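What follows is a single chain, given as structure tokens, in the form predicted alone.
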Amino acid sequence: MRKAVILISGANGEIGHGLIRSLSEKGGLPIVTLDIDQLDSSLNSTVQDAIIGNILDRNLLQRLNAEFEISAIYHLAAVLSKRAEFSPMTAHDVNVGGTINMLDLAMEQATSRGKTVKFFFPSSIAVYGMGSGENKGNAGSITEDDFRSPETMYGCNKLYCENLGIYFSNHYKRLSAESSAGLIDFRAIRFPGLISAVTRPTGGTTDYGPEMIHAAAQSQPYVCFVRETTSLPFMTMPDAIRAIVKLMDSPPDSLSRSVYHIMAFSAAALQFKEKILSYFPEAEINFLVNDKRQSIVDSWPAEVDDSPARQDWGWKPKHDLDSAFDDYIIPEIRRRYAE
């Protein structure tokens, strides 16, 4: 008998830490994790198996397929935006090839069991391409179907993988005698910049905000690579985890689309600096624009219209900019560095 589990790939990343804890506290099926690195030891008690391996290793995935009965996959493994621009072919191999492998695993599981497998995919505002800072300033709050012309390898990967997920869900092998539609229930969230007070930023282009905060808490100087006026949508990591769980718990007939974008607040880089200085007055934060990275940020929206998520599955952030700092970031980050 195969063991019934849920599978989380890329479990050692920023989202993985929070998601494992949330799903463990919620209860339900045991959790199996897959990551190229050993799982953080603080999470060992919350999972059934922590497997070290690569999502590109199809032999490994076949062993997982044989050993486990997987009802849901949370596919978090990815090469993030900064590294993807330095190594675009590696990013494509991992982000696209790895996602196809995980979708194929989900399809094998669903086909053999005759039951739907839920599949969560974390997408990104990097799928958008505003063209210029002027377009960004004039666009206002955009919908999921606007400006889908990514200018980065990471954005291209994410947009393609969204479409792959929809294909596997609705059109897989559509010329075959038997329809596979509905065997995978693919759901994705295009996340804005995510702020975690618990884990360090790991190479995202939106990480200048979190990087400022962590540097200030450690009394380290920080040089921000975007203009003071640069605005992006953000949310706290706890809100992101709540959104994943809420979307995945929603009944299929309540969802009008497979891919949603969400946000909690929009903030300029200077607003981050001012908020941080109100808590760490001695913090040294300066701005030195990196034109190449600035052009990437300028291609992403300042705000998104997340009304479909609010209407379909009751999305509502807990934190705005002020409460994010007051109730989450500052208490948690002071606790982290005091330890």
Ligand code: AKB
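Residue numbers run from 1 along the displayed sequence. This structure is a prediction, so every number in the text was calculated from the model and none was measured.
Not on display, but discussed next: the form predicted in complex with the named molecule.
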property: Within 4.5 Å of the named molecule in the predicted complex, all of S124, Y154 and W300 (non-hydrogen atom); result: yes
property: Proximity to the named molecule in the predicted complex, single hit among T99, Q109, S231, S81 (heavy atom within 4.5 Å); result: S81
property: Selected contact from S169, S196, N95, T206, since only one has a non-hydrogen atom within 4.5 angstroms of the named molecule in the predicted complex; result: T206
property: Proximity to the named molecule in the predicted complex (heavy atom, within 4.5 Å), stretch among 265-273, 73-81, 112-120, 137-145; result: 73-81
